[in-house]
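This document starts with one chain, in the form predicted alone, laid out as structure tokens.
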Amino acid sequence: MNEERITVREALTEGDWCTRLSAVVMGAGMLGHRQRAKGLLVLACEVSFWLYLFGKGFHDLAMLPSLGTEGQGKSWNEAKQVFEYFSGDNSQQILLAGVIACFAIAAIVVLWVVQMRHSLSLQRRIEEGRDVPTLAQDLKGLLDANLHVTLMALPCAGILVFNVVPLVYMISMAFTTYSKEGEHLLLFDWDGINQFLRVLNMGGNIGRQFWHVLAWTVVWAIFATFLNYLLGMALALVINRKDTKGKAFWRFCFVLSIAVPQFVTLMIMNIMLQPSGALNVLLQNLGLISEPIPFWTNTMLARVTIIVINLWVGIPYTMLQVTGILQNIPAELYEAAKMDGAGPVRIFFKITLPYMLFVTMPYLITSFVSNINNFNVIYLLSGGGPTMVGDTAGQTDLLVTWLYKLTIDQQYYNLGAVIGIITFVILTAITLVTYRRSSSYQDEEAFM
């Protein structure tokens, strides 16, 4: 009997006394249906859950609505030359403990449903005269028919512990007053959607900065993605021409630029373009300029400089990816086009570019998302500057670098969480809509 077709309602209405008892005493159905080891294990999980809930869980859940009431004080420690916090509630710990308690409840509910369905399945096997699998057979099945369960268990647990729980915790931060603006940094309260309204309000200082940073982030992502793509494709086409000599040498030159770690290249560029950097000093010594070029202090020049340097870093990657795809385009298409009198430009727009877009659309979407979150290029080159007086975001900050500054540098944790949520929503919408409308998704079978 397939357990996927069994519902909890069926287990409660059609089950025998063992199955129904398992609604209260988890594992009773397995114990009564010849699977004692699994039944005892499930029962141990239930007992552990209730011990946790009565020992700590109920307290954590009770504290979650208030996030604490007694503020922590602080005093100056002369010996250590630091402020030390003492007594009171820590809202961070209360929130984290509450989130963990909610996940524990969700986990036991899932286990309860699974063991109810499994108990009815065992009951039906016995009624039909079929053998009940032993523990040894179940363990053997985990290495054979159910190998996928064994292989996926650890990764899924890791994702839950290291991704999902922290993500829910940080999302919760967006609905609190957790920032340095509060009276006590370690004691904060729920704030509803006030922080979202604050960020989205174009009339406020934070809202004005958000829309400004969002606009620049989109512009940056468009230029960084499509300029890299088009110029990388053009470079690949030039190198792959039949008349181009020394193709291996030209490819080696661009591959060599990839071999240098990206952060090293970006830091060197940052130093070279400083007012006292190598480029400005060289141009001044040659008499070509009288004052240093403000690469990082002029807003427009800083943005253009970042885009150009990103081309230097990104084009070789695109060139290598496109080269392999170009070599797989059927030569018959080009020969037929030439026989019909099509020139190089028409062949490019009718054959090469459509084929490239069909194959590389997922790559383009991934590149666009990566550029929106391209922390390294912005932070290592300009640091997000120049920054106007009174602003928390610089003129070249992306949403991700602004989020970093809000949380790490300025301790606006709630605003940082709001920015993270909005960025996630924007990226999810762009990715899903773009990919579902692309020919790569709608016509996966062939390219015509």
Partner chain sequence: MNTTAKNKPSSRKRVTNLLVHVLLAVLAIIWLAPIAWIVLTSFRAEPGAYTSTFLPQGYTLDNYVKLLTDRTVLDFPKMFGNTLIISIVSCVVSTLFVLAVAFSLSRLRFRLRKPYMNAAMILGLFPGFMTMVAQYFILKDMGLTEGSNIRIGLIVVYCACAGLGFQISKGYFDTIPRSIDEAAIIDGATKWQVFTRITLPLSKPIVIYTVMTSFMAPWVDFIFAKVLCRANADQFTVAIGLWNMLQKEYIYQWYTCFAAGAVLISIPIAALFLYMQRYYVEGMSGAVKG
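Residue numbers count along the first chain shown, from 1. For clarity, a rigid core is taken as the largest C-alpha set superposing within 1.5 Å between two forms. All values reported here derive from a predicted model rather than from experimental measurement.
The following text describes the form predicted in complex with the partner chain, which does not appear among the structures shown.
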At 4.5 Å between heavy atoms, is W312 in contact with the partner chain in the model of the complex? yes
4.5 Å heavy atom contact, T431 to the partner chain in the model of the complex: yes
So in the model of the complex, is the partner chain close enough to D144 to count as touching (4.5 Å, heavy atoms)? yes
Please run the contact check for V165 against the partner chain in the model of the complex: heavy atoms, 4.5 angstroms, yes or no? yes
Partner-proximal stretch of 40-48, 23-31, 409-417, 389-397 relative to the partner chain in the model of the complex, 4.5 angstroms, heavy atom: 409-417
Could you spot which one of S290, Q137, S276, N205 gets a heavy atom to within 4.5 Å of the partner chain in the model of the complex? S276
Note which of V109, V260, M339, L197 lies within 4.5 Å of the partner chain in the model of the complex, where distance is taken over heavy atoms; exactly one does. V260
Let me test this: is every residue among I6, R9 and R125 within 4.5 Å of the partner chain in the model of the complex, going by heavy atom positions? no
Residue by residue through 341-371, tell me which have a non-hydrogen atom within 4.5 angstroms of the partner chain in the model of the complex. Y363, V369
Is it true that G192 shifts between the shown form and the other one by 2 Å or more at the Cα, once the core is aligned? no
On a core-based superposition, does K338 travel 2 Å or more at its Cα between the shown form and the other one? yes
